[in-house]
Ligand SMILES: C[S@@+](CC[C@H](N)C(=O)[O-])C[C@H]1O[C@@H](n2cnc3c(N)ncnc32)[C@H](O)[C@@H]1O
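One chain comes next, on its own, written out as structure tokens in the form predicted alone.
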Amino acid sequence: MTVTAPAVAMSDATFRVLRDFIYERLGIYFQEKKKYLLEGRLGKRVQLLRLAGFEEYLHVLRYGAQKDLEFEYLCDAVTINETFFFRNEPQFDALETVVLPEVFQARRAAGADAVRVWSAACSSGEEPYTLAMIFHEKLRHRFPGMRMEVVGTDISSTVLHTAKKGTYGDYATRNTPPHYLQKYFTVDGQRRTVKDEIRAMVRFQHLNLFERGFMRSMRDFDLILCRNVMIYFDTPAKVQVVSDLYDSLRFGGYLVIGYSELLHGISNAFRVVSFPKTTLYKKER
């Protein structure tokens, strides 16, 4: 098998500068052995902009007239936005049967009329819409007069645009129970669109998890899902992000991370709560 060399080469020195730029802005760290990833993902962009090389691309990112827009493209290029409805069923089973009823009962006892949920790094919206559907299907009648407010955030404006539209293909809905497909989606050819009653429960906004100023605005959540995000961060960045997520939770709230991710060596502030085939983290007094 022949491997084709990238059309635009990146020097080791430029790689280190670009890597540090990404780390400072996003907290995402590329090891030396991952240089080829940046080279491949950004090389086509360098060609499209008709730049002389990656050094000139760095100048565009830092000083260009469209640097903010180019930074958004960079965010899309260095992150992977794969997700689908009801991804990792054991976690959603735990949320549906134990966690959400628990936090709803606690908020009702406190005299509140809503539970607040944050889907961090929500990508194209499948996760927050899944939560909204579970509430509508399983919890709405158990807790009359109460609402669930869902906020979905991501660093990519491109995927947030898709999320707001709420239209998906077969791949995104492949794990969705047939009853949910029939009840909560409208069908147009090969595309399915989330119905308005579910979309109205979810609010989307742009947010960088590594930007502490933005993170301080995210407070008083009862449940936070931040799944399959820690893989991008080195240990110091993980410590910062998890600490900020802890501060964003109410006491008694839960944090959900990816099934293959652990907080060992990152934070001991949470109580580990075990469920069948999954583990969640609870903020206690």
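Predicted, not measured: the structure shown is a model, and the values here were computed from it. For every residue, the number given is its place in the sequence shown, counted from 1.
Although it is not shown, the form predicted together with the named molecule is what the next lines describe.
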query	finding
The named molecule contact at Arg107 in the predicted bound form, heavy atom, 4.5 Å	no
Contact test in the predicted bound form: Leu26 vs the named molecule, heavy atoms, 4.5 Å	yes
Heavy atom of Leu74 within 4.5 Å of the named molecule in the predicted bound form	no
Close approach of Asp113 to the named molecule in the predicted bound form, 4.5 Å, heavy atom	no
Selected contact from Thr193, Thr79, Asn175, Thr162, since only one has a non-hydrogen atom within 4.5 angstroms of the named molecule in the predicted bound form	Thr79
Proximity to the named molecule in the predicted bound form, single hit among Ala132, Ala94, Leu207, Val117 (heavy atom within 4.5 Å)	Leu207
Stretch from 193-201, 132-140, 154-162, 94-102 whose residues place a heavy atom within 4.5 Å of the named molecule in the predicted bound form	154-162
Residues of 122-152 having any heavy atom within 4.5 Å of the named molecule in the predicted bound form, listed in sequence order	Cys122, Ser123, Glu127
